[in-house]
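A single chain comes next, written as C-alpha coordinates; it is the form predicted on its own.
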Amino acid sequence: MKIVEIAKFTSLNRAPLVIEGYLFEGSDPEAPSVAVVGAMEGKNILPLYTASKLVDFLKNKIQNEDKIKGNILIIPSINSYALNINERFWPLDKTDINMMFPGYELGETTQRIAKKVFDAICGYNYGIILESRDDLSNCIPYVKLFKSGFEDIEGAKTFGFRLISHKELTPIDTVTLQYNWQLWETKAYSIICPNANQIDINSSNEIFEGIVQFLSKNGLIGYKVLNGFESTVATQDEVEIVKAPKSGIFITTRKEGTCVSKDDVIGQIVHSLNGEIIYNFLAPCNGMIVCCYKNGLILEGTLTFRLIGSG
(Lines give C-alpha, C1' and ligand atoms only; values in the text may rest on other atoms or scores of the structure.)
Protein backbone atom coordinates (compact mmCIF):
# COMPACT_ATOMS: atom_id res chain seq x y z
CA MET A 1 0.00 0.00 0.00
CA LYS A 2 1.15 3.50 -0.83
CA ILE A 3 -0.18 6.74 0.63
CA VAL A 4 -0.30 9.30 -2.18
CA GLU A 5 -0.90 13.03 -1.87
CA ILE A 6 -3.80 13.99 -4.12
CA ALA A 7 -3.80 17.69 -3.24
CA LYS A 8 -2.51 20.16 -0.65
CA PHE A 9 -3.93 23.63 -0.04
CA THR A 10 -2.45 26.06 2.46
CA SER A 11 -4.59 28.14 4.81
CA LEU A 12 -4.01 31.47 6.56
CA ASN A 13 -5.53 30.41 9.87
CA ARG A 14 -5.36 26.62 10.16
CA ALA A 15 -3.36 23.58 9.07
CA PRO A 16 -3.19 22.89 5.33
CA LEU A 17 -5.92 20.85 3.68
CA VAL A 18 -4.23 17.63 2.59
CA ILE A 19 -6.19 15.09 0.55
CA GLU A 20 -4.63 11.65 0.67
CA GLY A 21 -5.32 8.48 -1.24
CA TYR A 22 -4.43 4.87 -0.44
CA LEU A 23 -3.11 3.08 -3.50
CA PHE A 24 -3.02 -0.72 -3.66
CA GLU A 25 -1.08 -1.83 -6.69
CA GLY A 26 -2.34 -4.97 -8.37
CA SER A 27 -0.30 -8.00 -9.38
CA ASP A 28 -1.97 -8.45 -12.79
CA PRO A 29 -1.21 -5.75 -15.40
CA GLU A 30 -4.20 -6.97 -17.46
CA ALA A 31 -6.69 -6.53 -14.60
CA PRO A 32 -8.99 -3.48 -14.50
CA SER A 33 -8.52 -0.61 -12.05
CA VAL A 34 -10.91 1.19 -9.71
CA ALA A 35 -10.94 4.43 -7.72
CA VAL A 36 -13.21 4.88 -4.69
CA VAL A 37 -14.12 8.39 -3.52
CA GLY A 38 -15.45 8.74 0.03
CA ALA A 39 -16.71 11.81 1.89
CA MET A 40 -17.05 14.91 -0.28
CA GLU A 41 -19.29 16.56 2.32
CA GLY A 42 -18.72 17.24 5.99
CA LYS A 43 -21.74 15.19 7.06
CA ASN A 44 -20.81 12.11 5.03
CA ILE A 45 -19.83 10.09 8.09
CA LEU A 46 -20.97 6.70 6.80
CA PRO A 47 -19.15 7.14 3.44
CA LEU A 48 -16.00 8.13 5.37
CA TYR A 49 -16.26 5.12 7.68
CA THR A 50 -16.98 2.67 4.87
CA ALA A 51 -14.05 3.93 2.78
CA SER A 52 -11.70 3.65 5.76
CA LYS A 53 -13.03 0.14 6.44
CA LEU A 54 -12.18 -0.80 2.85
CA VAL A 55 -8.62 0.48 3.33
CA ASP A 56 -8.27 -1.69 6.44
CA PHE A 57 -9.67 -4.72 4.62
CA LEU A 58 -7.26 -4.45 1.69
CA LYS A 59 -4.29 -3.70 3.93
CA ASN A 60 -4.83 -6.19 6.73
CA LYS A 61 -7.44 -8.78 5.78
CA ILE A 62 -6.17 -9.91 2.38
CA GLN A 63 -3.03 -11.65 3.52
CA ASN A 64 -1.69 -12.72 0.12
CA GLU A 65 -0.72 -9.67 -1.96
CA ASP A 66 -1.46 -11.63 -5.17
CA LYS A 67 -5.15 -11.47 -4.25
CA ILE A 68 -5.18 -7.80 -5.27
CA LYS A 69 -5.30 -8.16 -9.05
CA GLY A 70 -5.92 -4.59 -10.28
CA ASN A 71 -4.91 -1.16 -9.01
CA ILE A 72 -7.27 0.17 -6.33
CA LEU A 73 -7.17 3.81 -5.20
CA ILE A 74 -9.25 4.85 -2.17
CA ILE A 75 -9.71 8.51 -1.19
CA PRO A 76 -11.62 8.36 2.13
CA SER A 77 -12.11 12.12 2.58
CA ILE A 78 -11.92 15.19 0.37
CA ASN A 79 -13.50 17.86 2.57
CA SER A 80 -11.85 17.39 5.97
CA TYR A 81 -12.32 21.08 6.83
CA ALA A 82 -16.09 20.58 6.80
CA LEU A 83 -15.85 17.21 8.56
CA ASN A 84 -13.88 18.71 11.43
CA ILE A 85 -16.55 21.31 12.21
CA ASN A 86 -19.65 19.29 11.23
CA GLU A 87 -20.50 21.52 8.26
CA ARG A 88 -22.09 19.95 5.21
CA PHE A 89 -20.37 22.02 2.49
CA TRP A 90 -17.07 23.85 2.08
CA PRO A 91 -17.06 26.08 5.20
CA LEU A 92 -15.85 29.33 3.62
CA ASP A 93 -18.46 29.80 0.89
CA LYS A 94 -20.89 26.86 1.45
CA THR A 95 -20.25 25.38 -2.00
CA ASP A 96 -20.67 21.68 -2.79
CA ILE A 97 -17.51 20.06 -4.16
CA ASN A 98 -19.66 17.49 -5.98
CA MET A 99 -21.09 20.35 -8.04
CA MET A 100 -17.66 21.51 -9.25
CA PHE A 101 -16.46 18.79 -11.61
CA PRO A 102 -14.43 18.42 -13.72
CA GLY A 103 -12.92 21.37 -11.86
CA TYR A 104 -10.89 24.41 -12.87
CA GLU A 105 -7.32 24.97 -11.70
CA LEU A 106 -7.64 28.77 -11.77
CA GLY A 107 -11.12 28.92 -10.23
CA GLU A 108 -12.54 29.09 -6.71
CA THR A 109 -11.08 26.82 -4.03
CA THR A 110 -13.66 24.06 -4.48
CA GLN A 111 -13.16 24.14 -8.25
CA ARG A 112 -9.41 23.73 -7.73
CA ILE A 113 -9.99 20.87 -5.27
CA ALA A 114 -12.27 19.16 -7.80
CA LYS A 115 -9.64 19.61 -10.51
CA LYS A 116 -6.88 18.01 -8.41
CA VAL A 117 -9.10 15.09 -7.44
CA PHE A 118 -10.35 14.59 -10.99
CA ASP A 119 -6.81 14.57 -12.40
CA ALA A 120 -5.87 11.86 -9.87
CA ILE A 121 -8.79 9.54 -10.68
CA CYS A 122 -9.05 9.95 -14.44
CA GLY A 123 -8.08 6.88 -16.41
CA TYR A 124 -9.44 4.28 -13.99
CA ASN A 125 -11.71 1.67 -15.51
CA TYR A 126 -14.23 1.85 -12.68
CA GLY A 127 -15.22 4.60 -10.26
CA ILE A 128 -17.22 4.29 -7.03
CA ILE A 129 -18.60 7.39 -5.29
CA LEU A 130 -19.94 7.12 -1.75
CA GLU A 131 -22.68 9.69 -1.17
CA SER A 132 -25.46 10.45 1.31
CA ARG A 133 -28.95 11.65 0.47
CA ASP A 134 -29.39 15.42 0.66
CA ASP A 135 -32.83 15.33 2.27
CA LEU A 136 -34.11 14.46 5.75
CA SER A 137 -34.65 10.75 5.15
CA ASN A 138 -33.11 7.39 5.89
CA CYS A 139 -32.84 4.97 3.01
CA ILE A 140 -31.65 1.51 2.14
CA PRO A 141 -28.23 1.52 0.45
CA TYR A 142 -28.63 1.65 -3.33
CA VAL A 143 -26.82 2.52 -6.55
CA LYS A 144 -27.77 5.77 -8.31
CA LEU A 145 -27.17 6.10 -12.04
CA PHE A 146 -28.15 8.99 -14.27
CA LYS A 147 -29.74 8.39 -17.67
CA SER A 148 -26.76 9.97 -19.37
CA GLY A 149 -26.13 7.50 -22.18
CA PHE A 150 -22.91 6.45 -20.44
CA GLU A 151 -24.38 4.54 -17.50
CA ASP A 152 -23.50 0.88 -16.89
CA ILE A 153 -26.57 -0.90 -15.51
CA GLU A 154 -25.10 -4.39 -15.76
CA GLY A 155 -21.98 -3.34 -13.86
CA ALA A 156 -24.15 -1.77 -11.15
CA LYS A 157 -25.87 -5.12 -10.61
CA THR A 158 -22.58 -6.70 -9.50
CA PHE A 159 -22.73 -4.78 -6.21
CA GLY A 160 -25.68 -6.97 -5.26
CA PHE A 161 -27.78 -4.17 -3.72
CA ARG A 162 -31.54 -4.46 -3.66
CA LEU A 163 -32.13 -1.30 -5.68
CA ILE A 164 -30.62 0.59 -8.60
CA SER A 165 -32.18 4.02 -9.05
CA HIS A 166 -32.07 4.99 -12.74
CA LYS A 167 -32.68 8.74 -12.66
CA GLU A 168 -33.37 11.31 -15.35
CA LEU A 169 -30.37 13.55 -15.98
CA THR A 170 -31.00 17.21 -15.11
CA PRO A 171 -28.78 20.17 -16.07
CA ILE A 172 -27.35 20.45 -12.55
CA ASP A 173 -26.24 16.80 -12.67
CA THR A 174 -23.77 17.58 -15.46
CA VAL A 175 -21.34 19.10 -12.94
CA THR A 176 -21.29 16.03 -10.66
CA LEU A 177 -18.39 13.63 -10.38
CA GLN A 178 -20.40 10.66 -11.68
CA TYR A 179 -21.39 12.34 -14.95
CA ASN A 180 -17.96 13.81 -15.68
CA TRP A 181 -16.16 10.61 -14.78
CA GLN A 182 -18.37 8.78 -17.27
CA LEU A 183 -17.62 11.38 -19.95
CA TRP A 184 -13.94 10.49 -19.56
CA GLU A 185 -14.78 6.79 -20.14
CA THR A 186 -14.78 5.55 -16.55
CA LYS A 187 -17.70 3.32 -15.56
CA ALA A 188 -18.82 5.31 -12.52
CA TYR A 189 -21.44 4.46 -9.91
CA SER A 190 -22.80 6.43 -6.96
CA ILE A 191 -23.64 4.38 -3.86
CA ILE A 192 -26.21 6.22 -1.76
CA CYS A 193 -25.73 5.71 1.97
CA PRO A 194 -28.20 6.40 4.80
CA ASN A 195 -27.94 10.02 5.93
CA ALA A 196 -27.02 9.93 9.62
CA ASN A 197 -24.27 11.21 11.89
CA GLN A 198 -24.33 7.95 13.83
CA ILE A 199 -22.80 4.88 12.21
CA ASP A 200 -25.38 2.28 11.21
CA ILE A 201 -23.28 -0.88 11.33
CA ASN A 202 -25.80 -2.97 9.36
CA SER A 203 -25.95 -0.43 6.52
CA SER A 204 -22.18 0.02 6.55
CA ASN A 205 -21.64 -3.74 6.37
CA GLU A 206 -24.10 -4.01 3.48
CA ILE A 207 -22.30 -1.26 1.54
CA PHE A 208 -18.86 -2.65 2.35
CA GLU A 209 -19.85 -6.18 1.33
CA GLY A 210 -21.37 -4.81 -1.87
CA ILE A 211 -18.11 -3.08 -2.79
CA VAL A 212 -16.09 -6.22 -2.02
CA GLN A 213 -18.50 -8.23 -4.18
CA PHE A 214 -18.07 -5.67 -6.99
CA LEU A 215 -14.27 -5.89 -6.75
CA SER A 216 -14.38 -9.68 -6.80
CA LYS A 217 -16.86 -10.07 -9.67
CA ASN A 218 -15.01 -7.56 -11.85
CA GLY A 219 -11.61 -9.18 -11.44
CA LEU A 220 -9.99 -6.63 -9.12
CA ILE A 221 -9.42 -8.97 -6.18
CA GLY A 222 -9.20 -12.72 -5.78
CA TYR A 223 -11.52 -13.10 -2.82
CA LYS A 224 -14.52 -15.38 -2.53
CA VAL A 225 -17.76 -13.63 -1.59
CA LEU A 226 -21.38 -14.67 -1.28
CA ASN A 227 -23.80 -13.39 -3.89
CA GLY A 228 -25.94 -10.42 -2.92
CA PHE A 229 -29.44 -9.53 -4.12
CA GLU A 230 -30.68 -9.61 -7.68
CA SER A 231 -30.97 -5.85 -8.06
CA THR A 232 -34.23 -4.19 -9.06
CA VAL A 233 -33.75 -1.32 -11.53
CA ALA A 234 -36.33 1.39 -10.86
CA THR A 235 -37.02 4.71 -12.55
CA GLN A 236 -38.57 7.70 -10.80
CA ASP A 237 -41.94 6.84 -12.38
CA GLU A 238 -41.93 3.52 -10.53
CA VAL A 239 -41.46 5.05 -7.07
CA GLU A 240 -44.59 5.52 -4.96
CA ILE A 241 -44.50 8.75 -2.94
CA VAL A 242 -46.37 9.28 0.34
CA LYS A 243 -46.76 12.81 1.75
CA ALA A 244 -48.03 14.07 5.10
CA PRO A 245 -51.52 15.64 5.01
CA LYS A 246 -51.12 17.17 8.48
CA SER A 247 -48.44 18.55 10.81
CA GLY A 248 -47.48 16.93 14.11
CA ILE A 249 -45.19 14.35 15.67
CA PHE A 250 -44.12 11.76 13.12
CA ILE A 251 -43.71 8.09 14.05
CA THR A 252 -42.70 5.31 11.67
CA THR A 253 -44.16 1.88 12.35
CA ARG A 254 -42.27 0.25 9.45
CA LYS A 255 -38.63 0.99 8.62
CA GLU A 256 -36.79 1.31 5.33
CA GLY A 257 -36.05 -2.10 3.84
CA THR A 258 -39.37 -3.52 5.09
CA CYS A 259 -41.71 -5.28 2.69
CA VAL A 260 -45.35 -4.26 3.14
CA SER A 261 -48.78 -5.04 1.74
CA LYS A 262 -51.19 -2.46 0.38
CA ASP A 263 -53.02 -0.58 3.19
CA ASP A 264 -50.62 -1.70 5.94
CA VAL A 265 -50.10 1.02 8.55
CA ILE A 266 -46.54 2.23 7.99
CA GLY A 267 -46.53 5.41 10.09
CA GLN A 268 -48.55 7.82 12.20
CA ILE A 269 -48.95 11.51 12.93
CA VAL A 270 -49.64 12.31 16.57
CA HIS A 271 -51.10 15.62 17.77
CA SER A 272 -48.14 17.42 19.32
CA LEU A 273 -50.11 18.72 22.31
CA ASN A 274 -52.75 16.16 23.26
CA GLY A 275 -51.10 12.92 22.03
CA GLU A 276 -54.03 11.84 19.83
CA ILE A 277 -53.25 9.87 16.67
CA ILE A 278 -54.58 12.18 13.96
CA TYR A 279 -53.42 10.29 10.88
CA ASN A 280 -52.33 6.79 9.90
CA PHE A 281 -50.12 6.39 6.83
CA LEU A 282 -51.22 3.41 4.73
CA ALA A 283 -48.97 1.67 2.23
CA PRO A 284 -50.17 2.68 -1.26
CA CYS A 285 -49.07 -0.62 -2.81
CA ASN A 286 -47.47 -3.98 -2.21
CA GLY A 287 -43.71 -3.53 -2.16
CA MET A 288 -40.73 -2.32 -0.16
CA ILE A 289 -40.18 0.91 1.77
CA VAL A 290 -36.90 2.32 0.47
CA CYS A 291 -36.87 5.72 2.23
CA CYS A 292 -38.41 7.11 5.43
CA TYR A 293 -38.52 10.68 6.71
CA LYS A 294 -36.32 10.77 9.81
CA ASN A 295 -37.34 13.87 11.81
CA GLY A 296 -39.64 13.60 14.81
CA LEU A 297 -41.66 16.67 13.79
CA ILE A 298 -43.33 16.86 10.42
CA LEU A 299 -45.05 19.60 8.42
CA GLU A 300 -48.02 19.27 6.10
CA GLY A 301 -46.94 18.30 2.59
CA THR A 302 -43.62 16.74 3.67
CA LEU A 303 -42.52 13.65 1.76
CA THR A 304 -42.56 10.83 4.32
CA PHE A 305 -42.12 7.53 2.49
CA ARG A 306 -40.87 6.23 -0.84
CA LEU A 307 -41.85 2.72 -1.89
CA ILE A 308 -40.99 0.47 -4.79
CA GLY A 309 -44.02 -1.56 -5.82
CA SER A 310 -43.84 -5.30 -6.38
CA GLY A 311 -46.75 -5.49 -8.78
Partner chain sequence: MQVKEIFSSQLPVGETLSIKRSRFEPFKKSDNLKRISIVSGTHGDELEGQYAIYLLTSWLSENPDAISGIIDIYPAVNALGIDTITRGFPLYEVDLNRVFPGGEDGFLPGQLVHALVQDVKGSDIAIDIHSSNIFLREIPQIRINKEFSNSTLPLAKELNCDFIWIHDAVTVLEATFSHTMNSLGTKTLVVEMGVGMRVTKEYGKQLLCGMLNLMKKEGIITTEKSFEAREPFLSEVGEVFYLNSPSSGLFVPALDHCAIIKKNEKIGTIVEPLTGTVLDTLYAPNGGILFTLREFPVVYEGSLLARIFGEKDR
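Positions refer to the first chain, counted from 1. Rigid core: the largest C-alpha set superposing within 1.5 Å between the two forms. Quick caveat: nothing in here was measured; it's all calculated off a predicted structure.
Not on display, but discussed next: the form predicted in complex with its partner chain.
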property: Contact assignment for its partner chain in the predicted bound form, among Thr109, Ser80, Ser148, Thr232, heavy atom within 4.5 Å; result: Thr109
property: One residue of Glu209, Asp152, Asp134, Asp119 in contact with its partner chain, assessed in the predicted bound form (non-hydrogen atom, 4.5 angstroms); result: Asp134
property: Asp93, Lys243 and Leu297 each touching its partner chain in the predicted bound form (heavy atom, 4.5 Å); result: yes
property: Residue stretch of 48-56, 24-32, 252-260, 269-277 approaching its partner chain in the predicted bound form, non-hydrogen atom distance within 4.5 Å; result: 269-277
property: Contact label in the predicted bound form: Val225 to its partner chain, heavy atom within 4.5 Å; result: no
property: 4.5 Å heavy atom contact, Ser247 to its partner chain in the predicted bound form; result: yes
property: In the predicted bound form, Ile201 touching its partner chain (heavy atom, 4.5 Å); result: no
property: In the predicted bound form, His166 touching its partner chain (heavy atom, 4.5 Å); result: no
property: CA of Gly275, rigid core aligned, shift of 2 Å or more between the shown form and the other one; result: yes
